[in-house]
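Two forms, one protein chain; structure tokens for each follow separately as structure 1 and structure 2.
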Structure 1
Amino acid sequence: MLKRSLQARRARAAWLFLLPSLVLLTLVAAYPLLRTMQLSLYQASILDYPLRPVWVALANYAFLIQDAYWWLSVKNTVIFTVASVSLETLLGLGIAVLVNARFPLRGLMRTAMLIPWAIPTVVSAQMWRWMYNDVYGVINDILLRLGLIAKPVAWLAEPSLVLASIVAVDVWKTTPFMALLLLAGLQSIPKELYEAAHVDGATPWQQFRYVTLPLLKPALLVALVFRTLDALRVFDVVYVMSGTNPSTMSMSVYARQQLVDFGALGYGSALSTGIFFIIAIFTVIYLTVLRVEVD
């Protein structure tokens, strides 16, 4: 009886400590989400003053299902997410393993690798946009000097190249973030395990496969979830580099176009709600497939 009373008091104390955070989270996250879902059931324009919403029930969602541009934006976003997250994970893991080893100036190397991630996304996107320019861009200049191309390439104008070009920028920008998360996971692995594996005759590859990867799964899961959620709602790098180009338009860019450019408050809210549920589905899939139990 005493034990149950103590547990009840601890539970009440825990809820009291969590209450300010829960209230703040409700104000900054839950209310805007619920408000967006509510507006998605109306037809309204932000150009009207005062706002005169008209109840249309699920008409916005019915139009969304038939909207070819929406599905094109979903396709672009999924391709962007799969390509960028896959490359960032592989490169981030390689960099993390490299900087986790002992070598001279290791601290300087760890600091330098964070520079791309520290640059604001809008700044780095604009910088790469200039570098990709087919008239004065440094990338075309280098490739022409090396004889790898015969004439300048319009990287951000060719439909077959523009999405890959943006993925390359995102990989350059965000790989250090993946490397940082995975480096933290590597440093939590006890060195004694590697020493024991070495005594048992395990090769470096066997140590990596049977010691590093299994123990790195929790950090890898966190990194994958963070980057996938971030990539699915990508906006800034796509909008700065290609605007509303249908070849690259992401879900967030399309939602912004409907809300701001066209003033369609109801349909834009439906698009935003659709983005939320797609991200939620990806999160559930990740947590189900990659779930690990940590002792």
Structure 2
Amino acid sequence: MLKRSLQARRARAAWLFLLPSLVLLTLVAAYPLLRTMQLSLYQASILDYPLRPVWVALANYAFLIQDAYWWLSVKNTVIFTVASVSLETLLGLGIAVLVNARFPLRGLMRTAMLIPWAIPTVVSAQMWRWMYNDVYGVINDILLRLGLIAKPVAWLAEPSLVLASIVAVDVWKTTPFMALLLLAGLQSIPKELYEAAHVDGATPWQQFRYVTLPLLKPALLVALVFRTLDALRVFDVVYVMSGTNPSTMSMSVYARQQLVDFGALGYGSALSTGIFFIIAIFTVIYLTVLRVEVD
């Protein structure tokens, strides 16, 4: 009897402790999300204050379905996501395996790995934009010196190269982060397993293939899903490197352009909602596949 009342008291305290967070999250997440979804059913201009929304039902979505620019932005985002996430995973795995070995100055290497992660995306995009400069850029200079290109390349003007150039920036910025996550996974693999494999005469490749990879799978999967969700909403790097250029714009860049630059609050909200559902599907898959545990 006493125990039960104590439990009830503790439950009440828990809810009280949660209350401020729940109120705040309702205000900054749930409400704006629902409001955006509601606005997607109206036509409204962001310049009007107060708003003068006109009910249009699903007209915005009907337009979205046949909006070539939207599908172009979806295509760009998918290419960006697949290319950057797969390159980051492969490179990240390589770096993690490399850094997992014992060597002097390992701490310095770890710090170096955190630098690209810590630099604001906008700043790294600007740094790379300057390095990509067709006349005065260091990348052309290095490639010319190495004889890999015959004449300077306009990395950010050549339509066939812009998206790849942007992917390269994202790969630079995010690979070390991926490597750190995988490194944590590598370090949790018991050393005895490698010793046993060694005794059994396994080659380094076999050790990697049959010991490292299977045991790293959970960490790899988490890192992969995280990066995918992140890449699908990419905004900063694309916006800074090539603005709203249709040949590279991501879904987020296009939605913000409609919403803010064109002031189309209704249609922009429909685009935002579309992005939300695309990412929500991935999130649900993530939560079920990985079965995140509470206790």
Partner chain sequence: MPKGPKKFRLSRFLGQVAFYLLLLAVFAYLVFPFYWAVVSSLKSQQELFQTPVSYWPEKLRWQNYRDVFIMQPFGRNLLNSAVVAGLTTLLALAVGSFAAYALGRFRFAGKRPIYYGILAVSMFPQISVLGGMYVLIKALGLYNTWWALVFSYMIFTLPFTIWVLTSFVREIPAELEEAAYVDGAGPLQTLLWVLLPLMAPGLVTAGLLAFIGAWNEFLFALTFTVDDKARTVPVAIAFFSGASQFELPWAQIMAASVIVTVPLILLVLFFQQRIIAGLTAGAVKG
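Nothing here was measured: the structure is a model prediction, and the numbers come from that model. Take the two forms, superpose them, and find the largest set of C-alpha atoms that agree within 1.5 Å; that set is the rigid core. Numbers given to residues start at 1 and step along the sequence of structure 1.
| Since only one of the two is the form predicted alone, can you say which one? | Here the form predicted alone corresponds to structure 1.
| task | Could you tell me whether the Cα atom of T26 shifts by at least 2 Å between the two structures after core superposition? | result | Result for T26: yes, a 2 Å-plus shift.
| query | Where the rigid core has been superposed, how far does the Cα of A280 end up moving between the two structures, given in Å? | reply | Its alpha carbon moves by 2.5 Å.
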